[in-house]
Structure formats: structure tokens, C-alpha cells
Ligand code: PRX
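Given as C-alpha cells, the chain that follows is alone and in the form predicted alone.
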């Protein structure tokens, strides 16, 4: 079968046979009894009855053919370090980490929270958890104590793995004080904390709780830890993603479906071959880091390049230097990073041999056409956009050149990928829009394909109520994104339908930021919206009503703005810090009290705010206009 349209159609109409074929791409300890058990919609149980291990598929199975080939390449321009691990060496390090975790009481089904910078030990910890059948929950190292405490309480980990510090732009970011405070704030207390000491910042140990990784590693140098064979439906990890409420959702991923989905995507979408090198510039704290730094490339037998640092340090040619040095064949980054590079002299890019590179993939936020055109022209390679979510784990929309070569269209992430029965729905009626160039909500008819979320961790009801709706007898999953589809089946993403914003590829809930701002003593009320930004895609802008606005003059407003930003840093992390905090006496609301976020966003982007007939006080929106005219 060579035509993609037929390939996609078969994945929907002959689901069982199609995914049984894809399942042959991974090793099974016990064959599955059923490809897809969809007896309890929308809960899909993929490859039920089968047993396998994610770490075995990523590491152990490659020892026979490529034990001495590169598996993990770590480069840190923050510390000036570089390490390369073969599959044999990676296997040994993962077993040592697994032995340490066993010694700390971790068993199948236990949770291990990983709060780490981009260092090899973070990958060892993830793979060791998979080896033991434990469920890892990686929290991005930029999150502050309050956010980390929420995740500790939800995941309830037996052990936390962390490090003394991370580093960004040459600035050391101590992790241990943030972690200690998070554990103090959390109701759940982990029994042990495993600390990697990088020598970057003081990290005083808590007696009886904290263990030193180097000491523990030395005690388990030659210990063999076999893989625990788990059910295909056994959770492999949870990963928290922002929602429209203040509480983040723990996206729960299975083991068998995820392994199969990643193996298939490496073949059909990314066209990565064993023995080659894959370079994803993401962070392990995000879903791209899980799928395409750690698991996907290794499952395919590729070396994966893990990078700690900025794209412009020591100079804007560093990524391309790594492409040349390690003969990278497939690269994956975010549009924000490309827009940053676009500001610098193209000679940095042209100074390096990119002949090994076959394609550059982009995802994380909508890719604008000028940026796509610039990078495609600069590298002279295919540029392929992706659209997907933490919830799906692999692309919903892209180009499957591994099935049939197809052109990219600048500004479009591509067409529906196999397994995804993508629909465009009318927001009001739920009716399917079948014509070209009609605006609708991008949705997926159930069941979701392998690799997508099983449920929300410990909250099936939230999974059903948040994502699913019934449309004339059919269960439909909503992505909460607007889109249009052209005559050729290519989709274009138009933005969110809910209150989640996308800052440089990082999803942030406006409610989360508003709640952090409201913790400041001077704040009575806050509204946060995402505003278009030329570099980051969107930035958060906050409008704040003070408890006593008379006390804020022109001079003190700047100080208060900085202090509110500091409050957000403390409770959510600098990632969630608004670009601006503006002070108003009232927020635009409907007569029923609903905040008019879309109208605020439209005014900030100098667009028509639309129908305002339900607005209670037009002067509130005029205040926001006045702020913009003063800017």
C-alpha cells in the first residue's frame, strides 16, 4: 500500500488489522488477545492481554545488533560538558538507577516524580521506572514550589528524583530549595528523595529522607535488574497539562499502545532508521521530550541527542554545529526557537554541513508562514509541521512521507494522521462541517488511537466531562482548537476555543495565572489573556483590579507590577510570568458576571471584539483600550 489516503482510511475502517500490523514493530513478552477493547466508551484498552516492557523495547532489544552504537548523546553548553552513551552503556546505567530505586522501595505501580534538568540521569530515571513497571511523573524544572506541591499531592510518589540545580543562559537555578519547600507544602510526603549533585548549588540533605545518587550508584555498579513485564494497559507515566481550571490534569498514558504508536510514528512520519541520530530540542518535562527525546528514537534504535542550553549560546550556530558533528538525520524543534534564530545572521547556519539532515519537524504552537518559509530556505531541507497535544502523545496532523511523499504547505501542520478520525464540528450545533475552508472545532471520533491518553490520573469523570461530547450517537473528543481544512485535506490551526494559552510551545491555563496573581495582598481580581507575539506566538497579559487603587500612582505602579510578577514566579515559576500587568478599576464582564476574555484579547490584538451587547459596563473595556494607546 503506497497511497496515504488508502493507508489512513484502512486505519479507521479496518482498525483491528491495521494496528495489529503496527504492533509487530515492537517486542511482546506475551501476545495480546484483542487489539482494541472499546466496550466502555470513551475508555479504549489497546492490545489487551498483551505483556511487554517499554524499557526493553527502548534499550535491551537493541543490545544484540547495536550494543556499541550511540544511544544517548548529552551536550550541555551550560556546563561545557558532553557525554556519549552506547546502548550497552545506557543499559548498564539504567540498571544501576533501577537497582537504586528498588533499594528505595519502588515497585510496580508505584509513582516516581522526576524534577530534573536536562541531564542524562533524568533519562536514566525515566527508563528505570519503565523497567520496573513504576509510573514516572516528570515535572518541568522551571515550576515553582506551589505548582510542584500540587503535582506531588496528585501523583503521590514514593520517591522523588531531583538535582541540586539546573542552568539556563549561564544562570544557575537552584532546584533543592524549591523541592524542599514543595514537600513542606504538600500533604503527601515521599519516603525518599534521590539527589544528583552537579556541584552547581548548595543542596543540604534532609536526614533520613535524602539519598545521594553518586553514593547509591557506586553501591550498585554491577547489579542486574530484569525488566518487569507489564500489561499493555498498565500506566507508563502521568504528565501534567494545564486546563481551563486551576488544577492541572494528570494525563495518564498506557504502555503497549504508546510503544506501538511511537514505533509507527518513527517509521511513517519521522522516517528515522536504526543507527541514525535524532535531535529534539525540547525538554523532558514536556510531552515532546517524553515521546521524541527518550522513548521514540530509542525504540527505533536511533541515537537521541539531549541538549541542555539555549539555541543562541555560545552562538546561534550551536544546534547546526551539533547536526554536523553527530550527523543528525531528523531534527525536531519549536517555531519559537526558529523565530529566535531568524533574528541572527544566517551565516551561523550556513557555516555547518547539514548534508546528513533529511527533514526538520516543528511543533508546539502554530507555525506562521513567514517563519516556515525562512527556515526552509535557510536549511534547504523539507520543513514539516506537526500538530498534537500532551493528551495525544504523538501527531494528530502532519505529513506521513514514510507512507507516501506529500508536499508541506506553509502555515499548515498537514493532514490527519493514520488512526485519527478527525472531524471539524460547528461550535454551536455540533454538526460535522464537510466542506472546504469552513471554520470549526477540531475533534476526533472515538476511540482515540494507540498512544493517546487513557484517562485523567485518578479522575475518569474529569476525562469524560472535559474532553468528550456526544454528537448524534457518536462520542467525539474535542481538541479545543479552531481549524479549517482546505480542498486537499490540509488543516490550518486558528487558535484555542478555551482559556489555555500557548507561550513558546508551553501550555498555560489563564486560570492558573489568575489564581497566582490573586495571592498578592494588593490584588482584588485579575484577568489574564493570551496576546499574539511575534517571537513567542503568544504572551500572557494580565489586567488587575486592586483592593485600593488610590494607593497606586505612576511611580509605584511599576514597582507593584514587578512585585506581582514575582508572586507569579513564586507560585507557578517564571514560565508563567505575564509579559505585562496593567491596572484597571473594573474588568469587562457580562451582566451575568462572566469575564469577557475574548473581548479583552481582541482589543489587545487590535481586533474587533465582536458582539458586546451582554457587557455590563462598556467603560471597563475602554480602560483596556486606553492602556494600549498609552503603550
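Positions refer to the first chain, counted from 1. Every value quoted in this text rests on a predicted model; they were computed, and no experiment measured them.
Quick note: we don't show the form predicted in complex with the named molecule, though the next part is all about it.
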- Segment assignment from 224-232, 90-98, 358-366, 402-410: heavy atom within 4.5 Å of the named molecule in the model of the complex: 358-366
- Does at least one non-hydrogen atom of residue 388 fall within 4.5 angstroms of the named molecule in the model of the complex? yes
- Partner proximity in the model of the complex: residue 287 to the named molecule, non-hydrogen atom cutoff 4.5 Å: yes
- Should residue 454 be classed as touching the named molecule in the model of the complex when contacts are defined as heavy atoms within 4.5 Å? no
- Would residue 481 count as a contact of the named molecule in the model of the complex, using a 4.5 angstroms cut-off between non-hydrogen atoms? yes
- Query: So which of 241, 86, 216, 321 gets a non-hydrogen atom within 4.5 Å of the named molecule in the model of the complex?
  - Reply: 241
- Task: Heavy atom within 4.5 Å of the named molecule in the model of the complex: which of 327, 474, 507, 439 fits that? Just give me the one.
- Result: 507
- Query: Taking the named molecule in the model of the complex, which residues of 480-500 have any heavy atom within 4.5 Å of it?
  - Reply: 481, 493, 496
